[in-house]
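Presented below, as structure tokens, is a lone chain in the form predicted on its own.
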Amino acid sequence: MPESRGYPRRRSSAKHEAIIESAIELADVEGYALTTIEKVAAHAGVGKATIYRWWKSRAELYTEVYQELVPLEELGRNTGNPRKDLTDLLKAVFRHYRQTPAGKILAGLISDSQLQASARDALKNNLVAGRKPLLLDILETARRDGSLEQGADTILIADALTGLIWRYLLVEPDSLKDDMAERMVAALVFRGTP
């Protein structure tokens, strides 16, 4: 249906894919901070207006790019062993940070969110809200099986773990490896060695 009647135009899957791929390539080469909508449009061979028709801001585009690079279905499952599940989840996330520009993108989104309400909203609503339930599911299993105290505040634990990951992502990204995942889970969540 025509856009003038209040219906958004359907996305061309070829253009959508070209934009996402261009955004990934540019973030990998130039970093998030130097990648503009204009550069993405030129690289993808589309008009800047096309991007702005589908995403309100660079942050909104890049939260979708992040979701493409770090898909929820690749982050593990709740198998009933919360310590292993949480460790595997962090290892998977850190692997994506090492193998793709996802870590650079998230660091850029965090940075932009300090100055731009639109970036803060995109980060909170498009990433944090959609991914936090995965952590909470594992932590709730831990509380039910006695790995965590019955009264443990799983929301606060999830936020503390996320904050710790973001701290390392921003200042020591090379430290986000398998051993760091194990240390974080042991120290912050389950208190001690396996």
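These numbers come from a predicted model, not from an experiment. Each residue number is its position in the shown sequence, starting from 1.
Not pictured, yet referred to below: the form predicted together with a further copy of the same chain.
* Indicate whether L136 is a 4.5 Å heavy atom neighbour of a further copy of the same chain in the predicted complex. => No, L136 stays farther than 4.5 Å from a further copy of the same chain in the predicted complex.
* Any of the heavy atoms of V29 lying within 4.5 Å of a further copy of the same chain in the predicted complex? -> Outside the cut-off, so no.
* To do: Decide whether R120 counts as a contact residue for a further copy of the same chain in the predicted complex under a heavy atom distance cut-off of 4.5 Å.
  => Yes.
* 4.5 Å heavy atom contact, V171 to a further copy of the same chain in the predicted complex -> V171: contacts a further copy of the same chain in the predicted complex.
* To do: Go through 161-181 residue by residue and record those having a heavy atom within 4.5 Å of a further copy of the same chain in the predicted complex; state none if no residue qualifies.
  => The stretch 161-181, when checked against a further copy of the same chain in the predicted complex, contributes T162, G163, L164, W166, R167, Y168, L170, V171, E172, P173, M180 at the 4.5 Å heavy-atom cut-off.
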